[in-house]
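Take a look at this one chain, the form predicted alone, written out in C-alpha cells.
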Amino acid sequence: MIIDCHGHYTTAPRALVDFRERQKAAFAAGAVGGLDTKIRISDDEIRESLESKQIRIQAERGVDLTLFSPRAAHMAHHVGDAAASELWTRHCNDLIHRAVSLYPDRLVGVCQLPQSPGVSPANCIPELVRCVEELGFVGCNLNPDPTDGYWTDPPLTDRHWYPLYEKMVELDVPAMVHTSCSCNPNFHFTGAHYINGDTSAFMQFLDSDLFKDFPTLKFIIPHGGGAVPYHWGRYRGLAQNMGRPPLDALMKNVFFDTCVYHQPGIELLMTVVPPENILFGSEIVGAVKGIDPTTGYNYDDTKRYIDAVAWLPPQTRSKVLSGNALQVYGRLRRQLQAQGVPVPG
C-alpha cells in the first residue's frame, strides 16, 4: 500500500468557492449572520471533480491512498472573524467527508481548523473532535500564522496553543504544519510563505521544551521540511550552541514529507533526515503543476523520485511509502479497517 500523506481538494466544485465569495461579501457588509449557509453540491459533481484529477492521477502514479484535506491556500484564516472561519471550515470539512465516503478505498480525511488571528486555538477543539469522532478523520492541518503573512500570533511552542495540543494528544491525531495564503506582498504564498512556515516551525520546536510537556505530540512539516534538510548542519550546530538537546531527540515528534520536486532534493532529504521521519507526500494536484522539461514527467510525481533512489534499502523504501504514515497517524489503520480497506502488516 502506497500512502500519500499530503493531498488537498484543490479541484473542489465551483460552488464551494462561490460560497466563500458570498461569505466574504456578507462579512464586509456586516451581515454574516444572515448569510445563506447552504452549499448545494451533488455527489456527481464531487465524482467529476475527483475522477478526472485526484483519483485518476493517483491510479496513474501507483498511489493507493491519499490523506485528503481542504485546499490549504483557501483556508485564509485572516478572513472575517472566528464565526466566519468556523462556518467556512465546517463546509470544507464536510465536503472532504463526502469525498471520502464516495472513495473510501482511495481517500482518508484530514481536517482544516477554524483558526482566527488573536483567537485562542481552544476555539478549534469542537471542530477537531467532530471531524475525528464523527467523520473519521485521522489528522488536522495547523496554520502557524493565522494572520496569513504577518505572524502576530505566538509561536507554536507558546502555551497559547496548549489547549489544542492537549486535545490532539487525547485523540491521538497529528497535525501537519501548513500555512495558507499570504497577504504580505513580500512573500509569495507557495514559493516563500509556505517554506518560511515550514522552516520557522522547525526552529520554534528546536528552541523549546514543548515535547517535554507533550511527549506524544506529533507534527508533520510538509514540503520536505522547508529549508531544514539543506541546512541540517546549521540546526545541529544551533542546538549545540544553545544548549538544546540534539536533533535526534526532536525527531521523535517531528516528521517531514517528500513534497520536494526534483531528484537531487529527494536524495538530499533521504541522506540527511532519519528514514523513519520521512512520509511519502506529493500534494497532487497542488502548488507545482506542469511537466519538468528536463525529465518529461510532472514535477509533483514524487514517487518517481523515490523509486529512482537506487541505494535506498527496500525496508526503508517501504517505511517511507506507507509504514511511517501508519505509525505517525495513530488512527489511520483503524480508520482504514472501518472503511473496509485491508491494511497489510
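Quick caveat: nothing in here was measured; it's all calculated off a predicted structure. Sequential numbering from 1, following the sequence displayed.
Keep in mind the form predicted together with a further copy of the same chain is missing from the figure; the text below concerns it.
Relative to a further copy of the same chain in the model of the complex, residues 101, 174 and 209 are all farther than 4.5 Å at every heavy atom.
This chain appears without its partner; in the model of the complex, the one residue of 245, 126, 117, 191 with a heavy atom within 4.5 Å of a further copy of the same chain is 191. The single contact residue among 72, 142, 269, 107, judged by any heavy atom lying within 4.5 Å of a further copy of the same chain in the model of the complex, is 269.
Just one listed stretch, out of 183-191, 129-137, 108-116, 92-100, contacts a further copy of the same chain in the model of the complex at the 4.5 Å heavy atom level, and that stretch is 183-191. Heavy atoms of residue 294 reach within 4.5 Å of a further copy of the same chain in the model of the complex, making it an interface residue. Taking non-hydrogen atoms only, residue 121 never approaches a further copy of the same chain to within 4.5 angstroms in the model of the complex. In the model of the complex, a further copy of the same chain stays beyond 4.5 Å of every heavy atom belonging to residue 314. a further copy of the same chain in the model of the complex comes within 4.5 Å of no heavy atom belonging to residue 274. Taking a 4.5 Å heavy atom cutoff to a further copy of the same chain in the model of the complex, the contacting residues in 223-249 are 223, 224, 226, 227, 229, 230, 231, 232, 233, 234, 235, 236, 237, 238, 240, 241, 242.
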